[in-house]
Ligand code: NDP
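Okay, so here's just one chain, in structure tokens, the form predicted on its own.
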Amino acid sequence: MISLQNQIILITGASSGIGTACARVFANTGAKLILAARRLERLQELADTLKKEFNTETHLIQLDVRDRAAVESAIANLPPDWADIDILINNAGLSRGLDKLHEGSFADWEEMIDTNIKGLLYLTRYVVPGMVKRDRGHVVNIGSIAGHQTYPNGNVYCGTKAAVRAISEGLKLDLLGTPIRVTSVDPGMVETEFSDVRFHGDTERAKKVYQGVTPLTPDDVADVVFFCVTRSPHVNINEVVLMPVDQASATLVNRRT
């Protein structure tokens, strides 16, 4: 297992869910964390907690990954002590709506495509050249089983996560001959703000998604990310698909009433 002491880890979407869980799991390792998200006050609360509990050094960036100029500026203007990113965790992502394709919302489509695909591409494009130059690094993309199996009314969201899977594979091919590692971590049902966001704040509808099921927690996913980045340097975990025991596929779920 490699040490993460003093490694610089950039986590997008760090203000909640899997992003926050990743920050917590790495906080105890001596790593330095760059936490990026749109909600700066949530990041500040997280940073204060990590400082108090683990004495973790953090650098906060208020960032919407959809804004390419903002991503470019954020990476270009990192303080010298924070510029050499060792691990990039592309976690920022969302789902909007659960409509049939021919009834879908253009605004929802664009938000998913701009966040899940283009945001991930922007971060990767601005961070990975530094990794290549330094001859070290690891990119972890948070995908989904939706990238493996399309489910009814999942059309565009599933398409974005299939893109994440293909982009992860493509990046690994392009980095062949370098020591830089690429991993896609693709969870099934995880209880986060995901369903609240998908249903535009309809909490009651969101709760029904997990009714009668024991879903994954953000910590479960963060544990897998931690495992992937701490393997021996010659080992690349290409892809991990994880689901709760109550789930067998994107559409088959055992609900206990």
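Fair warning: this is a prediction, and the values are worked out from it, not measured in the lab. Just count from 1 along the sequence shown to find any residue number.
What comes next is about the form predicted in complex with the ligand, which is not displayed.
Heavy atoms within 4.5 Å of the ligand in the model of the complex are found in one stretch of 73 to 81, 169 to 177, 86 to 94, 130 to 138, which is 86 to 94.
Although the partner is absent here, A206 lies well away from the ligand in the model of the complex, with no heavy atom inside 4.5 Å. Shown alone here, Y122 lies farther than 4.5 Å from the ligand in the model of the complex, counting heavy atoms only. Residue contact with the ligand in the model of the complex: I18 places a heavy atom within 4.5 Å of it. The ligand in the model of the complex is approached by L63, whose closest heavy atom lies within 4.5 angstroms of it. Between the options A27, L46, M189, C228, the residue in contact with the ligand in the model of the complex by a heavy atom within 4.5 angstroms is M189. For the three marked residues, L4, F54 and V224, no heavy atom of any sits within 4.5 Å of the ligand in the model of the complex.
Of the residues in 23 to 41, those that come within 4.5 Å of the ligand in the model of the complex through at least one heavy atom are, in sequence order, A37, R38, R39.
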